Structures are given as C-alpha cells and as structure tokens.
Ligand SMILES: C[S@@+](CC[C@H](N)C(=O)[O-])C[C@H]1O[C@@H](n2cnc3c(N)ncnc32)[C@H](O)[C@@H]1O
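Before any questions on how it binds or moves, here is one chain, the form predicted alone, in structure tokens.
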C-alpha cells in the first residue's frame, strides 16, 4: 500500500548525488522504494530534514525541493534460518543443516540429522524467527509406516499441535499430521492431475486421504463425480470436513474402506480416470484399478517409488505387465516423470497410462 512521506525531489541528473547525501545524513527511508517520473526522482525520508541538514542539501544539490510523495514499500525477504544459527552452532555442523522444510498450514516440518539433535531447539526457534506465519516446528521422528501411512513427530519449537488448515490452489484442508497422511510436496501433482480431468468424467481416487486430489478436481470442474476412498477413518473424517469446507458436497463422495473391496462392491466399471497415489503398494492394487476403469478404457494416474530415471523405464515395463494380468492393455503411457526425491537416489514417480 502506498505511503505518503517526506521526500527530496530532484532532477534525474542529480539523483545519485542526492541519494548518497541522504544516506550520509541518515535520513533516507530504506523501507520505501525510490520513485521516478520522466524528469525527477523522489527520495523517501524518515523525517523532514533539520535546518542545518536543509542548508547542507541546498548547498550541494542544485534545484532540490523538499516535498511529500506516495511511495511503495520495498519487498523484504527474510533471512535464511541458517543465518540465525551461524553464531549458535559449531561451524563444522552448519553444513549438516537440512536444506528442505515442508510447510503444512502454519506448521513447519524438518528432518534433524543425528549430529544436530542437541541443537534441535535452536534450529526450531530459528525457523520461527525466519517464517513469521509459522506457529509450530515439528521434527520427523520416524518413517511413514502402517496401513494408514502415519508418521510420528516431535515438537522442537512453538505451539504444541499437529492439526492445522493448509491452503493449496484455492482449496483449504483440515489435516492432523499424526492421524492422516498429507504431503505439501505433491501440490504441483494435485494441480496437474486436476487440470487434465474433462467435464462429465467420473473419477475414482483410490487412496484419497484428506482429499487434495479429489477436492481440487471438484473445484476446477462444474460437472464431475469423484469417489474418494480411504481405509483410514481419521482421514475420511477430515475428508468429509474438507468437502463441506470447500463446498463440493455434490461432486465428491467419500467412502471409507479398502479400495479393492470398495471397487468390487460399489464402483465396478464406473471410472473414466483412476488416481493411485499409494506409492508403497500401488502395484498391489492394479487389479482394483483395472476393475474400476470403464469397459472401453480410461486413464490411470499411477504412483510408485523408483531409483532414478532408469527405474522409471523399468516401472513402465512392470506396470504394463501387471495390467496385462487382469485382461487389460496399456495403449500408451501418456506422461511419466520423477515427482520428488524421497531419499538419496530414490524418487516418487508417476505414470499416466491410457488403459483399455
């Protein structure tokens, strides 16, 4: 928002000299942008110059005018959290600081290597100081595990909580990180898949979680039907809240249960498109995806883990063979890529396959 403030108005030819003099007098306002028009520049001041300062300015700058002007604030960029730790950690450990921080709503999530465990509180506080919208800093305390894909966390700074509201592509999601799986790193995938859906499609999201694929698909399209399935009752409870929060009750239909059984009992042959975001076990559910797709075919968005680009090519072959076991056929791989690195040399990958 523009701010009206005292300024020095001078012809452009005297601009650099005026800025330097204002700096030397300590009266330039560094939070505001210097403005220009066709003939003049306007240097923002923290206050009106004193009588002595005005005299000095007029002696050194020709045709200078003290005036007021509407200035835009400069964009300020926070210090990197590592900068807050330079005098708190031994120099040898600074290189071990994690490069990645995940943000889910107002919660920051970080992985602390063993050698930095004694300094985790300092690291958490540095993150709070750097990112003003963060209220809680959690450290990963184990791997994603179990049928519900749950991870444990430990609080290292801020408010003791694991539930928040996450905003993504115009949608809002209630999530509790200890009760339902959610990854902000899949934000681009959520949007990419949602953008591929056509009007009037029926989509089955086999492992829907709290709804990031299902709800965004419904928000982006007027006439779609999305069946959002998950075996985790807590995830489905959040999914139901999120459906109401985003006003897509008529488009997204939550179902609790094992995806294979749900497809067999309720959703056989209904889907134009199936989303299979369960990279740990997606291959085990290819039979259910084949049963869910309409008899004349459809698209399967299939996620799995691979070891680099060579692994991606192997995955295509493996997926194709698995599809053929269930009397279906991969007409073509429409799209494939490495989505995100999950460990050294290990990636989550996606295949978009047209299956008939």
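Note that this is a predicted model, so its numbers are computed, not measured. Numbering follows the first chain given and starts at 1.
Note that the form predicted together with this ligand isn't included here; everything after this is about it.
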Although the partner isn't part of this model, could you tell me whether residue 149 comes within 4.5 Å of this ligand in the predicted complex, counting any heavy atom of the residue? yes
Residue contact check: residue 238 to this ligand in the predicted complex, 4.5 Å heavy atom: no
With heavy atoms only and a cut-off of 4.5 Å, decide whether residue 258 touches this ligand in the predicted complex. yes
Exercise: residue 226 in contact with this ligand in the predicted complex, heavy atom 4.5 Å: no
Honest question, do 171, 218 and 242 all end up within 4.5 Å of this ligand in the predicted complex by heavy atom distance? no
Among 245-253, 204-212, 119-127, 100-108, mark the stretch whose residues have heavy atoms within 4.5 Å of this ligand in the predicted complex. 204-212
The one option of 177, 186, 156, 194 with any heavy atom within 4.5 Å of this ligand in the predicted complex is 186
Can you list, in sequence order, the residues from 83-122 that come within 4.5 Å of this ligand in the predicted complex, counting heavy atoms only? none
